[in-house]
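Given next, in structure tokens, is a single chain: the form predicted alone.
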């Protein structure tokens, strides 16, 4: 994994360290990061995204305490060997549920037709 795999949104109301932990959780659940995969160093992530290294360190520490990551002496952080294998599609969709509910609420508040929102979402999902 390299630092560019993470997307940091400084203007988001969600703290940056939580953004990192949530993305790691999703990347592991989706199988993009497997047990034993090494993560970029704290300095590498901080430099790439122009954020404070302590923020990245906090995120890695939180992910480690949750059992997502493990510290490998002399190598850095890696996806924990005890991490569950790729989750089912339903389990991965459940991780999106809070954001989907927020999106639906925002679309209703803006009085946007669902077909327009779905078209836009479809374009955003394309690689």
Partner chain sequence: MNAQLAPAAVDTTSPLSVAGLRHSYPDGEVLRGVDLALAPGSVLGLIGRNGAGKSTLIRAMLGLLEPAAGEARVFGQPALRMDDQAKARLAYVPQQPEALGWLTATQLLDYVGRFYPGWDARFAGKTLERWKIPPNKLLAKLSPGERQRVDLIRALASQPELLVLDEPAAALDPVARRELLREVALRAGESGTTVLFSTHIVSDLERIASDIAFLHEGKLLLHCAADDTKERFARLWLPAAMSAAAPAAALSRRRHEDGSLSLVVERDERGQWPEASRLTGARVDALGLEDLFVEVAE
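Residue numbers count along the first chain shown, from 1. The term rigid core refers to the maximal set of C-alpha atoms that superpose within 1.5 Å between the two forms. What you are looking at is a predicted structure, and each value in this text was computed from that prediction instead of being measured.
In what follows, reference is made to the form predicted in complex with the partner chain, a form of this protein that is not presented.
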Heavy atom of residue 30 within 4.5 Å of the partner chain in the predicted bound form:
no
The partner chain contact at residue 10 in the predicted bound form, heavy atom, 4.5 Å:
yes
Is there a non-hydrogen atom of residue 46 within 4.5 angstroms of a non-hydrogen atom of the partner chain in the predicted bound form?
yes
Contact test in the predicted bound form: residue 76 vs the partner chain, heavy atoms, 4.5 Å:
no
Residues 14, 18 and 54 all lining the partner chain in the predicted bound form, heavy atom within 4.5 Å
yes
Only one of 100, 90, 50, 81 comes within 4.5 Å of the partner chain in the predicted bound form by heavy atoms, so just point that one out.
50
Residue stretch of 54-62, 68-76, 91-99, 30-38 approaching the partner chain in the predicted bound form, non-hydrogen atom distance within 4.5 Å
54-62
Sequence-ordered list of residues in 89-108 near the partner chain in the predicted bound form, where near means a heavy atom within 4.5 Å:
105
Yes/no, residue 14 Cα shift of 2 Å or more between the shown form and the other one with rigid core fixed
no
